[in-house]
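Before any questions on binding or motion, here is one chain by itself as structure tokens, the form predicted alone.
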């Protein structure tokens, strides 16, 4: 056996290969937590945090692991997993084994709404604008993923050199709840900390427009404009609020020009790309496009996992891996909704003095996430298939090997994989706690029958049509 120090060196070399093959967020989420344990007879054993973690690696990254291990140890190398439970390694770390020769394939404080409690709030001038930089919004707790990488990278570049990059103005856009406000406030907080001589003003477009109307009434438009021209960094949130406000757009146009010509940094957010904003002067829209425009999209599964983990870490709460998986799969709209579910779930657990489990997660999601009850789920699929094949759900969960029951079970597993976001492990657990390899075999068996049996294929097509009607 190679000593632990050398084993770590070998795994570090493997990680160097893996890093070049996957995205940064995938690497941080799925590979950084891995701990190398031993290397014996060219078999590398690694420890992973949970069975779900292992299953995800096996489903999605076997080829990556294969290439990395083979590059480091040669084509005869194999990989074995040890599953960590409550910080301890399971005794039988030989239980999970992948022969890499075969190449087989087996959330953060990121809210868009500004907090009402500010750790750095001060009144500026006669117009009553607040700095409104919330110290909770930092780059460190903004979870990066494929969905927001350009926005985050450009935002950080601006924060390091405000007004000195080609990203001026920086326009960030997205639907609600995807982290625009978090990101622009993180920029402001970074500049505040690292560029002490820079003055920063964060203001909503609605408040800008309202204060401008007050200035019109008070005949103090010049003072209003001069107030903004004194700032080094202007962060304007929700610029779409200026739509069809001709006079507000006019004054902002001149403020924008003067700031830009003076090398001051302008940062804006919107719910749409500049080209899709209606009710705006064309000359103003053209200036929105001068610098860099970046969108933030709904987070993918891996980013949602990272967001949930960060949120739970902040709240110092631990949840089982199956609950984490269920949350990440079920709440796929925006970050704000993810945070709402987690906060509600934690509150319910504390109020009722119960542990956070899968049942509590389901109850919480059904009370918050719209339309969750109308979606196709495992219960609906099992009931639908059992009635079609005239077998009972209990029979599909049983150990019986009767052909008609086996077929019904395999078809149910196939549809569960096709129409739900459940993992192989979760699907198997609903059929008498069968493991993920049984689910893989079932899916392959159904695919093979569809290819070779015309009658069975016609049956599957009929079933698919009926299930799709439910999913609409």
Ligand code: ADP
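For clarity, every value in this text was computed on a predicted model and none was experimentally measured. Numbering follows the first chain given and starts at 1.
The next section is about a form of this same protein that is not shown, the form predicted in complex with this ligand.
Contact annotation for residue 231: none of its heavy atoms lies within 4.5 Å of this ligand in the model of the complex. Although the partner is absent here, residue 181 lies within 4.5 Å of this ligand in the model of the complex, judged by heavy atoms. Though the partner is left out of this view, residue 177 does reach within 4.5 Å of this ligand in the model of the complex, counting heavy atoms only. Mapping the unseen interface onto this chain, residue 336 counts among the residues with a heavy atom inside 4.5 Å of this ligand in the model of the complex.
In summary, the region of this chain contacting this ligand in the model of the complex, judged by heavy atoms within 4.5 Å and restricted to 74 to 82, 168 to 176, 212 to 220, 323 to 331, corresponds to 168 to 176. Of the candidates 288, 137, 242, 256, 137 is the one whose heavy atoms come within 4.5 Å of this ligand in the model of the complex; the others do not. For the residues 141, 395, 204, 199, the 4.5 Å heavy atom test against this ligand in the model of the complex is passed only by 141. Residue 307 is the only member of 303 to 317 with a non-hydrogen atom no more than 4.5 angstroms from this ligand in the model of the complex.
Shown here is a form in which the CA atoms of residue 356 and residue 59 lie at least 3 Å farther apart than they do in the model of the complex. The distance between the CA atoms of residue 147 and residue 59 is at least 3 Å longer in the model of the complex than in the form shown here.
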